[in-house]
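In structure tokens, the next block holds one chain alone, the form predicted on its own.
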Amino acid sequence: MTTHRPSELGGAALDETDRLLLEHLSRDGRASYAEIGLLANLSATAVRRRIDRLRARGVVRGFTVVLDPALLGWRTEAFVEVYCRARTSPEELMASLRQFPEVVAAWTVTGDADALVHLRAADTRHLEGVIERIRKEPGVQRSRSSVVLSQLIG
């Protein structure tokens, strides 16, 4: 008997087979349906049909390439807490941050800071310049930075 667990993903439950397919796909997004099928004991057609359904439901939103930033010359990484001036909307902050190619990701957060920004730069001098340019944005009052020394997980 197949156990079905409810999931918040896509608004409906994912069964164990869906979870297994997603696990294999997350490890190797370039794996063929036949390769995934061998691991999940399904035909390539069944794998394709299930993955198509997961895509239609929004569980799988796309496929991407994972780059090595260090090999591209982006060896310095930091997380920057951004404190905004009064009445700065998330949309305004997002528009400001999008102009910086060094911004990897950004989130609005709870706590004292208004946003947390993930940056990558070539070196600390480059990083300092980016942080200074972000601090000069009209909606930004101040920032607090933490430079990554080493990655533990991920």
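Just so it is clear, the structure is predicted and the values come from calculations on it, not from any experiment. Note that residue numbering begins at 1 and tracks the sequence as displayed.
Only in words, not in the display: the form predicted in complex with the DNA, which the text now covers.
No residue in the set 88, 93 and 108 has a non-hydrogen atom no more than 4.5 Å from the DNA in the predicted bound form. None of 39-47, 61-69, 117-125, 100-108 except one has non-hydrogen atoms within 4.5 angstroms of the DNA in the predicted bound form; the exception is 39-47. Heavy atoms of residue 53 reach within 4.5 Å of the DNA in the predicted bound form, making it an interface residue.
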